[in-house]
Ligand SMILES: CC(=O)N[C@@H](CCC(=O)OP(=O)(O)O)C(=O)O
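Presented as structure tokens, the chain that follows is alone, the form predicted on its own.
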């Protein structure tokens, strides 16, 4: 486990040619969770869309999973509905779920699709409900080792990747809202970090990139201090019980992703323009990167000869 000093404020390094760092990812799937302040800043939204298009045109297969927490909270407040979080997860009543669906699928997703499609007919929006892409069961939050009911919040238990793979084969960018269906047809609000992790594992993604409002995981979380640069899955597992707030699902998602076969999961500061290309694909640098334990990685290679993690991604549509 190694650390770097946390910057006092996001800095914007000079532009660099992204092609050399993207070369090993050509033909591979990269899942990007888009969230935090970047989602409410128009300049950062446009920068993110350009980065996604650059990935696509470089031969990478990007999949975007978006959040929308600030927008949801704002509308709930306007409607005089309670805004409440427990262990970093939104308490979701049926009334809150209606707002979540409206904001995620009806507003945020459409805006992201529109920004990407300003560069051409490239992005397609969907939710985890569509084609049963994400199936979930109701989950509690855990506080001091005890389960706490938080309503219609789901934990993904099954991913059907066929619709997303079909879009990737046509060189499209899926933009996924983190909603899921239950086995009985009920709908669940799924934390976007955890939805992105589930998709990354099911798609055999090479990387999971989480854009957020902090520089990475601080060694003395939540007090601050140095940013941990690299973690193994086992090291992160040991740290998770001491985390609080929104960092819990982010790091839980990273852990789940690498244990599902993703080669690396990285948390970076989305407040920096161009962060996805500048920091998302370096093994060292700003942010926190989680790697599989070496024994896990060897097991994945043995279990998946020629499988998705070593493949060249979805077959191209003729």
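Worth saying up front: this structure is predicted, and the values here are computed from it rather than measured. Residue numbers count along the first chain shown, from 1.
One more form of this protein, predicted in complex with the ligand, exists but is not displayed; see below.
Contact with the ligand, judged by heavy atoms within 4.5 Å in the predicted complex, is confined among 163-171, 197-205, 127-135, 87-95 to 87-95. In the predicted complex, at least one heavy atom of residue 36 sits within 4.5 Å of the ligand. Using a 4.5 Å cutoff between non-hydrogen atoms, residue 156 does not count as a contact of the ligand in the predicted complex. Taking the partner from elsewhere, residue 253 is found to have every heavy atom lying beyond 4.5 Å of the ligand in the predicted complex.
Within 4.5 Å of any heavy atom of the ligand in the predicted complex lies no heavy atom of residue 280. For the options 72, 176, 112, 231, the residue carrying a heavy atom within 4.5 angstroms of the ligand in the predicted complex is 72. Shown without its partner, this chain lists 116, 236, 100, 180 as candidates; in the predicted complex, only 100 has a non-hydrogen atom within 4.5 angstroms of the ligand. Taking the ligand as positioned in the predicted complex, the residues of 185-205 that bring a heavy atom within 4.5 Å of it are, in sequence order, 189, 190, 191, 192.
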